[in-house]
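Read the single chain below, which is given as structure tokens and is the form predicted on its own.
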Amino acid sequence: MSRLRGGASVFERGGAGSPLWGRTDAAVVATILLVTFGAALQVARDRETVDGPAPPGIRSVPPADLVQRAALSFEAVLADLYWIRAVQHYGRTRLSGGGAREYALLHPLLDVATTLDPRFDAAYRLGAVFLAEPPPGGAGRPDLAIALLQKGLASVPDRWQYLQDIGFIHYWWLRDRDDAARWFQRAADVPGAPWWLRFLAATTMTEGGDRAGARALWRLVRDAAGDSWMREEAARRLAQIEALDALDRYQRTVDRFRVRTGRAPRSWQDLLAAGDLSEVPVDPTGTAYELTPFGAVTVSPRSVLTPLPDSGALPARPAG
């Protein structure tokens, strides 16, 4: 087993003919058998307690520190076993019938697995998804998901993926684009993090309304870009932010006309004739803005700036 760390060196010392076999190696084998039996017994207990929703207050998982003290040198083996139990509990609960599903043991199992092996990447990242997913597909506890990933960061501070995952939890499940952008930016600041994290942070800032922060990030990307595509894309994003600012200004002009005249302007010509504008407004690419019959100012669909960042849009989740 690739994750078996604690007892490997003992078996390398000699076989059945070695003087150590009757003492150390026999004790190791007995410990492995005891751990295996204990795990099987615990799984059997789980079948009785987690096939359906767990009654309030029921917990069949011992505290993580207690398991760690009892693990001897087999933390990695036990971490694997508790991770398997967490996956079984999640899958069994998700597939169980009925509308009310509880994942009462999920976080305790993940806590034990990651305490036994503080660098257990899959337990942190997949476990966070299991916890954050809303019921009935998951535990509906994004707070516990974030706490689990922060526990991983405490062990591996340069793991930018954990910072990215916390950002996605804030984005998808907590619908907090400001906090999401901050976490994406923290991930981007980790040495060796991929360049697209700055794009993601800047885009999220724009959607959250922090145009000043997004503008600063896009300028940083543009100035540090190593190829023409990145520079052009950063320039386009900066032009989009400029267009968003302009739309706000022209919309206020349209709204003042509506208040003054009691109707929406039929075209830009109404605003030109009224002296509210001196010329038809254009976006940073030179394409005229459009004015709908209902008095809404928009970017033309012919403009290369379309579509503008939208507060309802979700970014595609990158792999990794």
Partner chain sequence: MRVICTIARQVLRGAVRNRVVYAAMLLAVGLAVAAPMAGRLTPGQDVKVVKDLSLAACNLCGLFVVVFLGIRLVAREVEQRTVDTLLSKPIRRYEFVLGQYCGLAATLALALTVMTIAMYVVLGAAAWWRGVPGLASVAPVPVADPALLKAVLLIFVQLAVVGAAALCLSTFSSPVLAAVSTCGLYVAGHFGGELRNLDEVVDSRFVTSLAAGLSYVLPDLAAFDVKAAVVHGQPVTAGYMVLTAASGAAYILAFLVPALVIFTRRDLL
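Numbering follows the first chain given and starts at 1. Keep in mind the model is a prediction, meaning the values are calculated, not measured.
Not pictured, yet referred to below: the form predicted in complex with its partner chain.
The three residues A273, T287 and Y289 each lack any heavy atom within 4.5 Å of its partner chain in the model of the complex. Site annotation in the model of the complex: the residue of L220, L126, A154, A212 reaching within 4.5 Å of its partner chain with a heavy atom is L126. The partner is absent here; in the model of the complex, the one residue of V87, A104, A239, V190 having a heavy atom within 4.5 Å of its partner chain is V87. Contact annotation for A122: at least one heavy atom lies within 4.5 Å of its partner chain in the model of the complex.
The closest heavy atom approach of W83 to its partner chain in the model of the complex falls within 4.5 Å. At a distance threshold of 4.5 angstroms between non-hydrogen atoms, A76 is in contact with its partner chain in the model of the complex. The closest heavy atom approach of E133 to its partner chain in the model of the complex falls outside 4.5 Å.
Note that among 140-148, 171-179, 190-198, 113-121, the stretch whose heavy atoms approach its partner chain to within 4.5 Å in the model of the complex is 113-121.
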